[in-house]
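Next up is one chain by itself, shown in structure tokens, the form predicted alone.
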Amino acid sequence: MAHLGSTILWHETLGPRRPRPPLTGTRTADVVIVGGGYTGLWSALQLKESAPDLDVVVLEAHDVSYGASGRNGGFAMTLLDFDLHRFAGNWGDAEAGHAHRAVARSVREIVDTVEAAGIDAELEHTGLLRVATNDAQLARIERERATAERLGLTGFDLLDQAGTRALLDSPSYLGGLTEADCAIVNPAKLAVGLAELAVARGVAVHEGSPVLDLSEAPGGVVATTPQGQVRAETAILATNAWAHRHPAARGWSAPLYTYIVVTEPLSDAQWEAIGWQGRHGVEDARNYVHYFRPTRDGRILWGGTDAVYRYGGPISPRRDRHEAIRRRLEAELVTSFPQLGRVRFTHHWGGPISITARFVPRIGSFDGGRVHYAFGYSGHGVAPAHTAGRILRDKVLGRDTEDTAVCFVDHPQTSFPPEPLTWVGAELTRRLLQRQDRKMDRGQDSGDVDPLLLRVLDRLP
């Protein structure tokens, strides 16, 4: 499907694609899934794997690569909360270890599914490299490694400055931490490939089918679109950043806009100059992280640096670009890798992510168990959406499993307050985090999160 005015690299790689026809008329199903991104598609696939006779319908408002599933940075990683250290501090070691292992399992199962189904998602299971550019960030990654060891997690290795720069050579790097459970993908190709796999397994996928109303009905629910209806016993709400529009979920999440830039394909000399060995996905240890990774055609994708909440949480294509953040992202990449010279940038885009008041996913049920939901991945949803798909499958099938016992499932998390309090809280949090990033760069902050900031982060976006 064409994306008019889009500069999203991932969409360009799809080539010509005819969307699946919208829903027309009235039909019945066992399960109707609202949202055709990763959460909805993984839920559908895992339902069909466990119960092949189930009639499952997926309704997507645009096309399956339109939302975050088709425009994210392409990191299938384990991150929950700000980092593992803070997650364990908030939820306890046992709960944090359990949740981390559930998402790490998803990373591996995504790799297995892509390989077994032959999906051309440009997937590379290369691991994550977290880098430190000041002493406070170095202390953070050391705490992260210590937390992983305390929780009994494997695959984490600390690197000194020389070891870090041997993998990726920036003069600003002081050290690093590698984690094995991370893969990089072309997210749009993954979304389209999952949709094709779902259809092949008997799932009805309808694109261009926005759900105007999801309501209770005798014996189940009714999902109404502009041209049709689905009557089903159970529904799954899988709209992520758009979930806050549903009356029952209002206040449970808030949409933040984040942004990306992409370079032109680098020359062999440029790649040699930065020495990107192993093709890891990379994040630094700022509050507002920089995340970056290589693409199949030899570019660098670079994102992060800021996240913007708009008063009232409106979502609009008009907000898919942000010129001030674009300029900052481009300058920060060049500052990190001065050896690239005057590299040219060819793409810039953004989109909404979904956050919750506790910075972990929100997964549960409402309407007497007729509707199950999952959202709030804080911009790291590629792998957690797969985990959510397993949990939602088990909820639909009425099963209690290790996945449904993950700490944030059915947890009564704090909701956001009404406006203008949410906007005020978002701006206060943003400024506090950015101020700490600046102080860490100047060597004036240890990298610990002070109690006031913790209280704000736990209650507001």
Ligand SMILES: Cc1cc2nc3c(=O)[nH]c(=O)nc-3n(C[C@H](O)[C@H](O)[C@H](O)COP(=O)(O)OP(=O)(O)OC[C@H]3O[C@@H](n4cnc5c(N)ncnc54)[C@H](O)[C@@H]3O)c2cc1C
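One-based numbering along the sequence shown. As the structure is a prediction and not an experimental result, all values here were calculated from the model.
One more form of this protein exists, namely the form predicted in complex with the named molecule; it is left out here, but the text below deals with it.
Not one of L129, P294 and W302 places a heavy atom within 4.5 Å of the named molecule in the predicted complex. This chain lacks the partner; the member of H244, H348, H380, H125 within 4.5 angstroms of the named molecule in the predicted complex by a non-hydrogen atom is H380. Note on contacts: among V34, V396, V56, V406, the single residue with a heavy atom within 4.5 Å of the named molecule in the predicted complex is V34. Residue contact with the named molecule in the predicted complex: T258 places a heavy atom within 4.5 Å of it.
When contacts are judged by a 4.5 Å heavy atom cut-off, V211 counts as touching the named molecule in the predicted complex. At a distance threshold of 4.5 angstroms between non-hydrogen atoms, A238 is in contact with the named molecule in the predicted complex. Among heavy atoms of R140, none comes within 4.5 Å of the named molecule in the predicted complex. Note that among 324 to 332, 74 to 82, 89 to 97, 149 to 157, the stretch whose heavy atoms approach the named molecule to within 4.5 Å in the predicted complex is 74 to 82. Of the residues in 89 to 109, none comes within 4.5 Å of the named molecule in the predicted complex through any heavy atom.
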